[in-house]
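Consider the single chain below, provided in structure tokens and representing the form predicted on its own.
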Amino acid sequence: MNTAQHGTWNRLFLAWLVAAVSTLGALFFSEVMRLPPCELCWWQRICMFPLMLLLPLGLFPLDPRVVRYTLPLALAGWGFALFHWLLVLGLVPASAQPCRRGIPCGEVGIQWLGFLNLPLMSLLAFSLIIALLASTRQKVSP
């Protein structure tokens, strides 16, 4: 494996690591801490969980084309996470909230350091995955 391939492998591995930690974290919060996910959380999970399964397909053997399939999922998840975070911040009106029944999407179940909540953590995770995948794609493109 040459240096460029090694860098590509590392970026794909880091993207998978972020997806795996995010997936395990989401399962920990819902199954261990018993925090039920809201509707927007489910949509973010729908985008994040497959990333944990798809990204290793580009690692063994190295196939940077996996970015074609994973980047759209990460972008969709980022959009849901951004909307969710803006909702929690109060920048999205209550009339636009998709969570009408069950768990309210604007409710903050966990908050660390006064600002770090689950929607922001999801937004940061998707942002990091997108950055890693985009840099991989740029390195591979002719």
Partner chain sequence: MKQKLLFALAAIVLLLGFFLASRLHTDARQEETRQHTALNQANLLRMHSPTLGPAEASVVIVEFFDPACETCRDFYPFVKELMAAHPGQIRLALRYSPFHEGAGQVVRLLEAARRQNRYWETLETLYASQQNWVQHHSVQLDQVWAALQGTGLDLERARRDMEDPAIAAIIQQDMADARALRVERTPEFFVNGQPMPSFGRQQLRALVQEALRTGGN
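On a predicted model such as this, the values are computed, not experimentally measured, just so you know. Numbering follows the first chain given and starts at 1.
Heads up, the form predicted in complex with its partner chain isn't pictured, but that's what we're talking about next.
Checking 78-86, 64-72, 25-33, 40-48 against its partner chain in the predicted complex, the stretch whose residues place heavy atoms within 4.5 Å of it is 25-33.
Contact with its partner chain in the predicted complex, defined as a heavy atom within 4.5 Å, holds for exactly one of L54, V92, L116, L59, namely L59.
Although the partner is absent here, L17 is a contact residue: one of its heavy atoms lies within 4.5 angstroms of its partner chain in the predicted complex. V21 belongs to the set of residues with a heavy atom inside 4.5 Å of its partner chain in the predicted complex.
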